[in-house]
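Form predicted on its own, single chain, as structure tokens, below.
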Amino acid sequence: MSSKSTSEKPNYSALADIYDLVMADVDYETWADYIDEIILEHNPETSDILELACGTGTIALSLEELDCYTITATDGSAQMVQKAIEKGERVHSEIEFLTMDFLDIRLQKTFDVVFMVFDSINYLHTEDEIIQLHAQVKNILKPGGIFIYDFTTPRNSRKAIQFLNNDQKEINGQTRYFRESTFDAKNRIHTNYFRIIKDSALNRGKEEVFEEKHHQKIYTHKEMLSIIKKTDFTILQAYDGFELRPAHERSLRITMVLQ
């Protein structure tokens, strides 16, 4: 007879073990090249870079391959950072990976560029939190430095649930996951619920079940522009998707470049 134990976990704790496999379809190298392209366009003398919400470090490691930057990368999940450290050790990376809340940045050095991608800012659900993030970043930017981040729009959420909802996969014969993705259009909350099932006893019939619920607040371009006006930053550009062309009302993902 099989037995199960179920527990709800902090975001990106149980998911950390399988995160790279869940996100296997994401083209991180192209994403890193895009960040590099933005840097060359707006701050070509950049040397020191800080990534916030770095996850398992894939983009930071891809940027390091360009051999242009000194990189520090942080994330609020200790489990995700541990995965990043392990990946870095395998390739003899010199990136400094740290566990850190991006609303409470405590670093002694300053940076030419601070960036965060993959709609990490959508995890902030209030205007005050977004303003606080900008204030934290301002404190660690060098004069003339730039802040780059992206966010997803309501149109993206409406399209994304078509392929994210009921996503499921078995990984390495011992772990499987199920993802339910919903979008509350009225309140503009996009929720991804993960149910992760691990065979913890290697064929002894015992399973551990972990649950994570990820809630993102989805902003319109107009709303984000309004919030930024309340910060100390100037908007250099708002880009559409992964192109160096202006964002528009039908953009799915918008990348902000601030100074």
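Counting begins at 1, following the sequence as shown. Predicted model only: the values in this text are computed from it and were never measured.
The same protein has a further form, the form predicted together with a small molecule, not shown here; the description that follows concerns it.
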Check your understanding: Is the gap between Y28 and the small molecule in the model of the complex 4.5 Å or less for some heavy atom pair?
Key -> yes
Check your understanding: How about L63: is it within 4.5 Å of the small molecule in the model of the complex, going by heavy atoms?
Key -> no
Exercise for review: Report whether the minimum heavy atom distance between L50 and the small molecule in the model of the complex is within 4.5 Å.
Suggested key: no
**Study point:** Exercise: A160 in contact with the small molecule in the model of the complex, heavy atom 4.5 Å
**Key:** no
Exercise for review: Specify the contacting stretch among 151-159, 134-142, 99-107, 173-181, defined as having any heavy atom within 4.5 Å of the small molecule in the model of the complex.
Suggested key: 99-107
Review point. Can you pick the one in I130, V114, M80, I95 that has a heavy atom within 4.5 Å of the small molecule in the model of the complex?
Key: M80
Practice item. Decide yes or no: are Y12, Y19 and Y123 jointly within 4.5 Å of the small molecule in the model of the complex, with each residue judged by its heavy atoms? Key: yes
